[in-house]
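Next up: a single chain in structure tokens, the form predicted alone.
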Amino acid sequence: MDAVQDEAAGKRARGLDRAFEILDFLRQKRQALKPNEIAAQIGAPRSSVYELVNLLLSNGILEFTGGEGRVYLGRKLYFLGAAYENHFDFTRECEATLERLADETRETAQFCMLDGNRYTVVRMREGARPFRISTDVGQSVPIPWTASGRLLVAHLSDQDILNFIPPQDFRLPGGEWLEPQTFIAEVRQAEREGLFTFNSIVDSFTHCFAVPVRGEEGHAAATLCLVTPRDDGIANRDRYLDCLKKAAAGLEHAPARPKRG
């Protein structure tokens, strides 16, 4: 009897894992897909995917969109996210911090974190200058492509970093190969200095600044960033870093606590 119950519990757990895999896959793809397309791309049995998609549809977690049976993330997820944000003061503090940074520097300000073994922009505020730098909030990007990535993995050992980052993520957008040992050296530099800046790897006209927002364990739980036109960033380096450090210190003293009343 216990063996039967254990098997049933294991099946439910695997089903839950697969459901989250489907949701995360659709988030990454940013487009509606048919269940058979999802199954093929995540390497899952079509019967299991169809069963889970129907369950998620019936609960509003997925919705039909785009015709031909395509599905995408449902509005129930928006309401769940809104409830989370409403429960914590930290989200409000983060928005206010980004707004102040963008006002002080006129540059694009970002709050960034790890999403599994990738980097993502969680919040962003565009600057006031006519030159706009846009980033897709929530899109996962390889860690080695980013200034923040050097800070977000700095608490790991060298070997743990190599185990954590997929080998293919050291291939840069232009096709160049970033030597892992070069990346690790930059991680250790960022750890010593408590910041990292560089000319963007993703494009040829921006300069990126990142400083850590440390959690209770003392390492970077997140980063605050500025993305600037290259020449302006280099010319204003000290001032921009000073603004970022002050803003990060403020966030570190504003823990993610439930709102009162």
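Please read these numbers as outputs of a predicted model, since none were measured by experiment. Between two forms, the rigid core is defined as the largest C-alpha subset superposing within 1.5 Å. All residue numbers refer to positions in the sequence shown, first residue = 1.
Absent from the display: the form predicted in complex with the DNA. The rest refers to it.
The partner is not drawn, yet in the predicted bound form one stretch among 42-50, 192-200, 208-216, 224-232 has residues with heavy atoms inside 4.5 Å of the DNA: 42-50.
At the 4.5 Å threshold, heavy atoms of residue 250 stay clear of the DNA in the predicted bound form, well away from it.
Although the partner is absent here, residue 36 sits close enough that one of its heavy atoms falls within 4.5 Å of the DNA in the predicted bound form. Remark: residue 18 counts among the residues lining the DNA in the predicted bound form, judged by a heavy atom distance of 4.5 Å or less.
Among heavy atoms of residue 14, some come within 4.5 Å of the DNA in the predicted bound form.
A movement of the C-alpha atom of residue 68 reaching 2 angstroms or beyond is seen between this form and the one not shown when the two forms are aligned on their rigid core. Superposition of the core reveals a Cα shift of less than 2 Å for residue 237 between this form and the one not shown. A movement of the C-alpha atom of residue 40 reaching 2 angstroms or beyond is seen between this form and the one not shown when the two forms are aligned on their rigid core.
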